[in-house]
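Below, in structure tokens: the form predicted on its own, a single chain.
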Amino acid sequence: MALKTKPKNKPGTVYLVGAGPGDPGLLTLKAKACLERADLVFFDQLVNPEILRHCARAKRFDVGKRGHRGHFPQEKIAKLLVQAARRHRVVVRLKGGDPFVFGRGGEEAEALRRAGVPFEIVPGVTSAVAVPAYAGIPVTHRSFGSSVAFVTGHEDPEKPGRRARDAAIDWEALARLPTLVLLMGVKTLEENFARLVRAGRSPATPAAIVEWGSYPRQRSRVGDLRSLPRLAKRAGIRPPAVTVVGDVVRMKPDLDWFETKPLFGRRVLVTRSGDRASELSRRLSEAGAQALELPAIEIRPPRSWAALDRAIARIEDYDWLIFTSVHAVEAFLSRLKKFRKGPRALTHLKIAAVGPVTAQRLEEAGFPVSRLGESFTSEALGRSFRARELKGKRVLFPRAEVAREAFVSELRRKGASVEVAVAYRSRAPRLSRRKILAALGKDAPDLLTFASGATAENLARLLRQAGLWEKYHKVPAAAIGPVTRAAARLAGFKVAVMPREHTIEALVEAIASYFSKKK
């Protein structure tokens, strides 16, 4: 692994950072700041890839261990950290959970100290607490137990030195504690439970195991010290998993908040681009779904800014400024800044927008919206104008290079002089079959989502080019509005969901309603 950059006399700082149990929302603000500043990031297998988005400027290296066979031996990881610190200013060692809770962070800190490399510890939300919480199990409860022990469930039965380490675990003492949380103990679950029973714990003690805790694919099984190993094996529970032993497990039926979310366990494909995809993915995740992102559209600058720049240069000549997408707003604001014009230059204008998100972006920039299409479509906005409002008025309409003409025709029919200025282009991305499969996974999603007709058309083209059309085109789809629905159906998809209001929030609610009826 080459780490080529200019050597420094003084070593940089290594940050041993906890990534939390999986849910990206549990990443701490300090951890995020470290990732944003990092030159290099060494991450583990259990770090959610979504978290790696925060280190866009850094080189990233996977040093995770797979199973019980080290992908990177611990000694090699320590050497890499020392080597990286001597060549870079900010190095992050990113670990699942907390680096000091069975994360070997202490060993890595010792190696850095011996090498004279400065380091800092950034604690993470430990899976020992967070995973039970996501399963509705408090690790302490006044009615069931005021103390808890975190125990390594232990690794490979064949691992050298295991007997000596097992001898260091006082199972008799653990058996007397009200609550135990075992990490990394799927393979040895039955063996460890047997030890607890031999040490005096009742075989009827409640126990639960939680796989992929805090992820949308989380699964839980509940039993007792006798039955849980059998239940876990029957369900095919595999690492990563956290096990809880104690009467606190009885709280799960009443406190099971995560696995009861309306879209829990559903895999939903998001075809939007950039920040717009993140917004839909976030709302789907909040509803419990696993959002699979495969942007089927790319937003590009226009071939020439000339038309929009000419319009902005004489902005005082217009009476109305109309936007039907956030992309057009962003492009307009960027060119407005070039001309060093702000809200004052537009005070004489009335501004209309399609959709609350478009309107919100304008108002954030200091441009109040006078007219908002009630059903959030350009057609509805066009119909909302009365002829006397537009007759003889000059309208500036920044939009995509390719767009439907019905809206412009409606405004002109009512007497407006409409000037169209191209603000952006949209195009289908170039994606290989491998990248498409990497985004979708081996199994087809439960639902496809389309926020524009272009995303549906482009996805159909991508799937056909990759030879995946037959597998995916029968998956039910959700369309944000009637125009998008028509385009999706024309492309060959089966649209099963469309919200009454054509917004992202309403789309997610409609998806949740659709799946609730299928239960």
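This one's a predicted model, so the numbers in the text were calculated from it and none came from an experiment. The first residue of the sequence shown is number 1, and the count goes up from there.
If you look for the form predicted together with a small molecule, you will not find it shown, but the lines that follow are about it.
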From the list Gly265, Gly223, Pro262, Pro240, which entry has a heavy atom within 4.5 Å of the small molecule in the predicted bound form? Pro240
Pick from Phe385, Trp212, Phe72, Trp305: which residue has any heavy atom within 4.5 angstroms of the small molecule in the predicted bound form? Trp212
Using 4.5 Å between non-hydrogen atoms, is Thr188 touching the small molecule in the predicted bound form? no
Does the small molecule come within 4.5 Å of any heavy atom of Leu46 in the predicted bound form? yes
Hey, in the predicted bound form, does Gly103 get a heavy atom within 4.5 angstroms of the small molecule? yes
Even though the partner isn't displayed, in the predicted bound form is Met184 close enough to the small molecule, meaning a heavy atom within 4.5 Å? yes
Picking from 124-132, 278-286, 84-92, 341-349, which part of the chain touches the small molecule in the predicted bound form when contact means heavy atoms within 4.5 Å? 124-132
